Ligand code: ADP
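Okay, here we've got a single chain as structure tokens, the form predicted on its own, with questions on binding and movement later.
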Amino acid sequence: MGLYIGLDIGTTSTKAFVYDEKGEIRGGSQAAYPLLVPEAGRAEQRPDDLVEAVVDAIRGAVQDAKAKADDISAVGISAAMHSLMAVNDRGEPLTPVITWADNRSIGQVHALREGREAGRLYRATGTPVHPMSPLTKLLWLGNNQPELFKRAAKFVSFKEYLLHRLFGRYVVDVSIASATGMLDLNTLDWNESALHLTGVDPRRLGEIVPIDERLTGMDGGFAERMGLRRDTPWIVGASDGALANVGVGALARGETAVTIGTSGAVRTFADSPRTDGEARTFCYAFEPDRWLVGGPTNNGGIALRWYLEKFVIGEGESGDIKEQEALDRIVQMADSVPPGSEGLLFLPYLSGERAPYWNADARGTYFGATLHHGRAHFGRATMEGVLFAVRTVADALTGISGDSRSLLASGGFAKSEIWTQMLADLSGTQVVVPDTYEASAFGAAAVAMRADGAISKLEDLKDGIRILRTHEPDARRFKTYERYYSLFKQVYELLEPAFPAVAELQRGTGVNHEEESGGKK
């Protein structure tokens, strides 16, 4: 029986797990790196930090599984979307990895929206115009670093950079390519309007390949360091979002995945491209009969971690306190407070927002605070705010794909019974928690198994996914949450006109200067 590695390259860490053909984990490892935020709006990574993390994670997973090089049948890759970097003709980085969280192209976004180009691009590519998009990042680079823009031989995602380092090829799977804002939904080739707008010749972009594209002949030095054979096949795989759906078994109509890690997302598969009349959701290619429809929220677990670091432990005061233990204590405290946090609301837009508002200027806000509210109230309001934001995405998705029978939970939040029950109560929908917390890695391994012939279709592994628990919504709590959810949306609408002014003030003062954000995806 062969073993398969699922590699998940995330925002703040890379994880690798070794699976057998039944989908059982035989070993795993993780390597972390910082998200660099040297000034307001910037969010970057050092490319070679990520390369080394991939090497360390795979080597650690192979060792943890007590596997030999010959035991590994294939490696499947999951990667975060929307990254961009420029490289020269020798493949050397000219820029850091500019991540999805980088907001410096906000000016280009406003210009596209004012000129009505944004709507046309969204309908053509399925990607809302937002600073996360590599398309807007390219416009920013061309405007602000024209000499570098001209000198760049290629503009690639980190995944493409990694595969070039390992195999000497710049290839981009259709899933990651679709999230650039430059892939045409109809032709599955680079969109002519996007190319013309950015001034980028398609030869300066990667070669678009299907998700089961196979690469062999890895650089010998890297193979040795990872504990793999040079001819171990690497299956290019897809985005972390699409593969998270695969990993939790959300493959059919009416099955919706909710992932909350550092950020969050709500996603479902459709059998054809589907865009939203209000451009609230994305539509990304995956394979011919599957298109990923949904929306991401910027502020998931990072909001609770922010609350922990700023207001509970205190910056630089963590000492011997383990972060996860401290987070668990916050959740337990929050459970002592009734739904709605006794009138305290939190808009969790600490780093702007993507779906459904696509507003990079949105900011975080506690609303309704009184002398009565204490630490437990603020903790619960923070958790509820994240879930209210998730529900705004789910509601937009319902208008396109219909109601969901259930929400399949993954990511760090799924480890908390309190938080997942809160999602059921707040959404009024059954929440199912599979045992695949690391859903993107498992999805990557599943694609590798199918490409290698170990399974015939992705559904073959679905029956093997164990359900840890199921949460039914409490009718009384749902009724309470309906009132707060209505108020949550009203507060956003009232504050929306003021967000640009405060965002501009923050950019002028350099808020977040020299900050580094780390942690788990």
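Note that residue numbering follows the sequence shown and begins at 1. For the two forms, the rigid core is made up of the largest set of C-alpha atoms that agree within 1.5 Å on superposition. Bear in mind that the values here come from a model prediction, so they are computed numbers and not experimental data.
Same protein, other form: the form predicted together with the ligand, not shown, and the subject of what follows.
- For the ligand in the predicted complex, the listed stretch (298-306, 387-395, 355-363, 267-275) containing residues with heavy atoms inside 4.5 Å is 298-306.
- S416 is the sole member of S416, N191, Q108, S427 with a non-hydrogen atom within 4.5 Å of the ligand in the predicted complex.
- The listed set G411, G126, P131, G340 contains one residue whose heavy atoms approach the ligand in the predicted complex to within 4.5 Å, identified as G411.
- Interface membership of N103, defined by any non-hydrogen atom within 4.5 Å of the ligand in the predicted complex, is ruled out.
- Put simply, D328 is close to the ligand in the predicted complex: some heavy atom of it is within 4.5 Å.
- For the chain shown alone, N88 is not a contact residue for the ligand in the predicted complex, no non-hydrogen atom being within 4.5 angstroms.
- Using a 4.5 angstroms threshold between heavy atoms, Q324 counts as touching the ligand in the predicted complex.
- Once the rigid core is used as the reference frame, the Cα position of I330 differs between this form and the one not shown by 2 Å or more.
- A303 is among the residues whose C-alpha shifts by 2 Å or more between this form and the one not shown once the rigid core is aligned.
- Relative to the superposed rigid core, I77 undergoes a CA displacement smaller than 2 Å between this form and the one not shown.
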